[in-house]
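Presented below, as structure tokens, is a lone chain in the form predicted on its own.
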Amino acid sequence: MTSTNNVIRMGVVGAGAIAQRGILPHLSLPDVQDRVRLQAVCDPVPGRAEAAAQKFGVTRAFMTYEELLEHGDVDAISICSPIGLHFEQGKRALEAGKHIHFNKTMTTTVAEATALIDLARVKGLKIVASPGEVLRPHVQQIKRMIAAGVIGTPVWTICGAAFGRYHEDEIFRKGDDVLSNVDPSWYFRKPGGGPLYDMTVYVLHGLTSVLGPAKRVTALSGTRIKEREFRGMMMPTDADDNTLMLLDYGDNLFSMVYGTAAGNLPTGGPAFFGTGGTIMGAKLNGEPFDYPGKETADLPNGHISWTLPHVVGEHRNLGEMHVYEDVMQLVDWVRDGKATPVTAEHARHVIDIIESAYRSAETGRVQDLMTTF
């Protein structure tokens, strides 16, 4: 169902914070119009889709997802809705013949992820599932350095992410118009809420890009903050917001990974400890290491996401550059048959880690992971 002029007609599902930061601004820039075009947007909040369409030049606006699939005239969609909705929306998109970019996390269970992967295969459709940490040149350089023995025998790693008040304080939640009063409450509720699905997913993708699939997980987990304040109102929470897990990669190589309500290590990414050295973020034994594109990231006001292949020109002045990169991975795949390493199978393995960690916390037992990539 690709357009005859080889321009991918993109639909955006949800016009909340991630769409306004990471999808709509990038795809409305002139330099991508020969490859991808914003064809449709939908959002259930009255007036939000229309306002987003007007601001970003989207051809069509709908209030319901059903209308977008039936009347949006799209080839592919980027799912920017709450994580708990991703599976059903993804399934319906595939059934309607649409390629999909999933914002993280693709689904909340392995069974859901497998169902989507199998359906896409049957339908001959493509799935790109964020976050594409595997694309980052410094992540690939870390993988090469560890394989070459630069830090000796790797022994253990640590990484994670914390909520803090990031979502309550985003700029898209502080205004009074329909585009700037986006409710963040879903981030703190099941299904799909909590820092593991929303934030720790990044380091899990980075970690497994370097070390490969994990084999076992054990965890402690629960809800530490029982309610949160937003715009003078209290929001009850039930999603786990305080999780500590241990991953086993085999041969007694372990990782400590956290997804918590507060508190971050200042490592700037996973820290890898070996018998002959340490890698923390983009530093080897405390000194920056070289990787392809580092000179670009080191420019004044530079950013490590500037090393991603599609992040050029005005895209470097917008937010969520890595999300835009993942969308363009799908666009290239659909247009040119250029497969991407940002795979649904990798995303499924990370989902396996998260789901198994919660199961371990409930049962008090180590969980074997059943997936790979």
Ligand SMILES: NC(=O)c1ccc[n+]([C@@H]2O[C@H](COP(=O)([O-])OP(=O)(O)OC[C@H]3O[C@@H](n4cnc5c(N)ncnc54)[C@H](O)[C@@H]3O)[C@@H](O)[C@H]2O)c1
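Keep in mind the model is a prediction, meaning the values are calculated, not measured. Residues carry their position along the shown sequence, with the first being 1.
This next part talks about the form predicted in complex with the named molecule, which is not shown.
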Using 4.5 Å between non-hydrogen atoms, is E320 touching the named molecule in the model of the complex?
yes
Under a 4.5 Å heavy atom criterion, is Y258 part of the interface with the named molecule in the model of the complex?
no
Just checking whether T157 would be counted as a contact of the named molecule in the model of the complex - the rule being heavy atoms within 4.5 angstroms.
no
Does the 4.5 Å heavy atom contact test between A361 and the named molecule in the model of the complex come out positive?
no
Pick from V210, A93, I279, C80: which has a non-hydrogen atom within 4.5 Å of the named molecule in the model of the complex?
C80
Counting any non-hydrogen atom inside 4.5 Å, which residue from V342, C42, M328, A52 sits next to the named molecule in the model of the complex?
C42
Heavy atoms within 4.5 Å of the named molecule in the model of the complex: which stretch among 245-253, 222-230, 118-126, 102-110?
102-110
Would the named molecule be touched by all three of V13, A17 and D198 in the model of the complex, meaning a heavy atom each within 4.5 Å?
yes
Out of 187-213, which residues reach within 4.5 Å of the named molecule in the model of the complex, heavy atoms considered?
Y187, D198, Y202
